[in-house]
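Next up: a single chain in structure tokens, the form predicted alone.
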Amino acid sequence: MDLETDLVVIGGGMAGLIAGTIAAEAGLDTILLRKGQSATAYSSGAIDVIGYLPEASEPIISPEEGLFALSRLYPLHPYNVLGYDKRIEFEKVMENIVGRTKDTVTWLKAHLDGTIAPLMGDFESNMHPITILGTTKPTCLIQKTMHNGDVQDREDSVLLFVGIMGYADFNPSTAAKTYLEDRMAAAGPPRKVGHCIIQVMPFGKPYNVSSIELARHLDHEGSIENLAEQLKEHIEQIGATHVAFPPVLGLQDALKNKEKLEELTGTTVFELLGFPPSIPGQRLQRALETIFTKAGGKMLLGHEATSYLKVDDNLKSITAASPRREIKIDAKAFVLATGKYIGGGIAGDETGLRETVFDLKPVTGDYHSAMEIVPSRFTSRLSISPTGQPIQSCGLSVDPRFRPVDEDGLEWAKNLFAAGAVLAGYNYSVEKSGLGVAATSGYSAAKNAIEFIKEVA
């Protein structure tokens, strides 16, 4: 079976789905391949642009401030590729970087409005939502279910952390203690924090309860009313004005469930940011897939790019395989958004690192060859380090149009563009920049692919 299309996107996470949606909205016939679940579905569901500089302990106040700092300290960071042009002055380059990133944030908010994962936040300042550990984290956009209202502004606010019997992923007592200590150190509200345990039994059992079971259960009719009845006693006991839940308020109807709980309890209800895999991450993934298909994009699930045909400087086709068939797809342009280690875009063994679709040459965060780097020797002994894991910065080097380059610095193919975690030069775990880089590079790769197709038409 053979297909012809304008654009093929390889990878179905944040970068790939944004690239595909923009291309489809521009009128291009777009096919997206996704072999399995993406890293986006395993994320917290919040979208970081830039939260910290590497080795820094103080969070970035705003994405714009962070982008300016990165431009000076890490000139080969993927964000800086957005505005690179040696013909113009630095100030104009920064305008390009900030403008494209801000456009991406605005585009995301507008497109996800009305989906199961609507966003809030803006480019002017980072937000600091509360996590399931009781800590806070700087991020640009959060899902509306995560907004904690005025809990840190009201002098009379009282916060109640709610745990669920049999749900081991969240300890409300530890979170309450950590958060209260943090607020006391900051000398700000709330000055009273409590915790409780309630019972939610998706299958009639109060033990070994998973996030997905809870989320699906709370989407069922009557579940929220039962939850509210249990909560009222605990709310009245400490006079809670705000109620924090682990991120399980629903898979399809989380925002409606939050609003219903607020109506029934008279409090501000919100979800905490959780560890991956998380329900908000799955909501974000589904919402992105929805806007892609609504734009007219076609998705081939369970298909993996296994081979390709390249003629001179252009990629002509790829072969996509599933357990039951193989499809040869001819296209005018391609976007590589396969992710890194979770998505399988970059793989490593005792012989070194490699890109898995086109056998492109990966580099380190310092842009030296990573082809002979043994993964076990390129990691820190500390699992959590201020400098992160060096192996996380490895990936592909790209030119100013996001086209992967070879050892000589020349584009491998004129019509292949890369986006997302497959890129080198940034350490998302310490920077808190993962989905931000994915979104902006996917946005830019799509724009560049559209421009290329118009040029050769």
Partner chain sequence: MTDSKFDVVVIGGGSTGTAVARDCAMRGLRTLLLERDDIASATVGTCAGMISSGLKYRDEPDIMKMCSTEVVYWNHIARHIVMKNPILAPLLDLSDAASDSSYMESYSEHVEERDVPAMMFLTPDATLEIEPMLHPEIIASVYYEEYFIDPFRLCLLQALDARNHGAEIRTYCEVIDFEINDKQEIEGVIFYNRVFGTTERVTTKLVVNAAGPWAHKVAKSAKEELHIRLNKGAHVIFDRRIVNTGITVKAMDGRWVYLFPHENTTLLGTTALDTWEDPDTLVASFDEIEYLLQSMETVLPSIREARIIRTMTGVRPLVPDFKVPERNVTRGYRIVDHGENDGTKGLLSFLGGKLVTCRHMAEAVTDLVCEKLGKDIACTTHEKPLPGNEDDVDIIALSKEYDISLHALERMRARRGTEMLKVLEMTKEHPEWKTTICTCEPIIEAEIRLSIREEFPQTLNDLRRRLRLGTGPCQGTFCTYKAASILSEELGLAGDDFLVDILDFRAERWKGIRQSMRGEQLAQEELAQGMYACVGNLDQSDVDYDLKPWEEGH
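Numbering follows the first chain given and starts at 1. All of these numbers come straight from a predicted model, not from anything done at the bench.
Not on display, but discussed next: the form predicted together with its partner chain.
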Worksheet item: Using a 4.5 Å heavy atom cut-off, which stretch among 261 to 269, 310 to 318, 125 to 133, 149 to 157 contacts its partner chain in the model of the complex?
Response: 125 to 133
Practice prompt. May I ask you to choose, among 184, 73, 168, 301, the residue with a heavy atom within 4.5 Å of its partner chain in the model of the complex?
Written response: 168
Worksheet, complete the sentence: Picking from 237, 106, 369, 376, the single residue whose non-hydrogen atoms come within 4.5 angstroms of its partner chain in the model of the complex is 376
Worksheet item: Is residue 174 close to its partner chain in the model of the complex, meaning a heavy atom pair under 4.5 Å apart or at it?
Response: yes
Worksheet item: Taking 4.5 angstroms as the cut-off for heavy atoms, does residue 274 touch its partner chain in the model of the complex?
Response: yes
Item to complete: Could you confirm whether residue 81 comes within 4.5 Å of its partner chain in the model of the complex, counting heavy atoms only?
Response: no
Discussion item. How about residue 68 - does it come within 4.5 Å of its partner chain in the model of the complex, if we only consider non-hydrogen atoms?
Written reply: no
Worksheet item: Looking at its partner chain in the model of the complex, is some heavy atom of each of 282, 397 and 447 within 4.5 Å of it?
Response: no
Discussion item. If you apply a 4.5 angstroms heavy atom cut-off, which residues in 198 to 217 are near its partner chain in the model of the complex?
Written reply: 205, 206, 207, 208
